[in-house]
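Given as structure tokens, the chain that follows is alone and in the form predicted alone.
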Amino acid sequence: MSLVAEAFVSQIAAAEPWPENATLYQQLKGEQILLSDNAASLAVQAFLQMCNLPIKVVCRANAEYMSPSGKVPFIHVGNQVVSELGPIVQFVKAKGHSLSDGLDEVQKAEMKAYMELVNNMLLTAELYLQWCDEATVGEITHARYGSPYPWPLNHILAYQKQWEVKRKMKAIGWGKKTLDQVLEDVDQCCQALSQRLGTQPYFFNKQPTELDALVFGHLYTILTTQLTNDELSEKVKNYSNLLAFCRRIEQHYFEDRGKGRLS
């Protein structure tokens, strides 16, 4: 299909209303999904809840390989498949739903800058912890990542993924960082987020944006994921307004809408 034809099909799909059977795919929640992917999935779920768009969460062992980008989560809406928060936000916007239309251009630029901060610091720290911290790799990551697959495929896939992530860490300058340095980066990120949030309910006052969904996805998952120790979650717990922020979103967008507690 040509680029023009693809653009035309996408325009037609965007004009269609949001269906009741829209589906979000992620890995198996209990035994397989890792911290970073769980955070990304929860961020998308929160964003769609904030847009008041229904979504059914389906867990599949091969979700990573089903995704068009190789990353989770991805959503299946009508005949469209879209992966990751950024493209999903744009897809939803094309359907007439946006959380950030009320912001001016300066605020939108600031929002994007903080989203970059979260992705560059928190997401990268999660990946580092999962695949570069030997204790976490040995006790948690390899077993969970390869859990749906038989031996020796489970080991092959886990080592292949670890090699990919370590290569990325080296490319962005994180290859030689110590765990203490990574935790310090997390603390600095949380401090910046805490200062920006202040006493407001959301980062841009009374209404949430995709930044709120992204921050919630990562912080909530860090707070509720059992790792080899509590060092990562303790960094978040140092900031009471971030804890209250997570509880506020969980209560308003999940509990009050009949989704139950997330943890």
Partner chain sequence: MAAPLELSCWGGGWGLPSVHSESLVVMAYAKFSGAPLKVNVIDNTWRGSRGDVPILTTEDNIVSQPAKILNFLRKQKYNADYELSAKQGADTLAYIALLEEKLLPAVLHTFWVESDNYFTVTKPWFASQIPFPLSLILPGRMSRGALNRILLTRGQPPLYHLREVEAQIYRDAKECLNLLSNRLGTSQFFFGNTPSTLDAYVFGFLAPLYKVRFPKIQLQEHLKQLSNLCRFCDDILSSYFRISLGGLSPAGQDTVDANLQKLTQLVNKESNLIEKMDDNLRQSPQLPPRKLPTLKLTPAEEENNSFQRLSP
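Note that the coordinates shown come from a computational prediction; the quantities given were computed from them, not determined experimentally. Positions refer to the first chain, counted from 1.
The same protein also has a form predicted together with its partner chain, omitted here; what follows describes it.
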query: Candidate stretches 127-135, 101-109, 72-80, 143-151 - the one whose heavy atoms come within 4.5 Å of its partner chain in the model of the complex; finding: 101-109
query: Distance check, E164 to its partner chain in the model of the complex, heavy atom within 4.5 Å; finding: yes
query: Proximity of F91 to its partner chain in the model of the complex, heavy atoms at 4.5 Å; finding: no
query: Distance check, N62 to its partner chain in the model of the complex, heavy atom within 4.5 Å; finding: no
query: Contact of N52 with its partner chain in the model of the complex (heavy atom, 4.5 Å); finding: no
query: Candidate spot L223, E231 and S233, all three touching its partner chain in the model of the complex (heavy atom, 4.5 Å); finding: no
query: Members of 162-176 lying within 4.5 angstroms of its partner chain, judged by heavy atom, in the model of the complex; finding: E164, R167, K168, A171, I172, G173
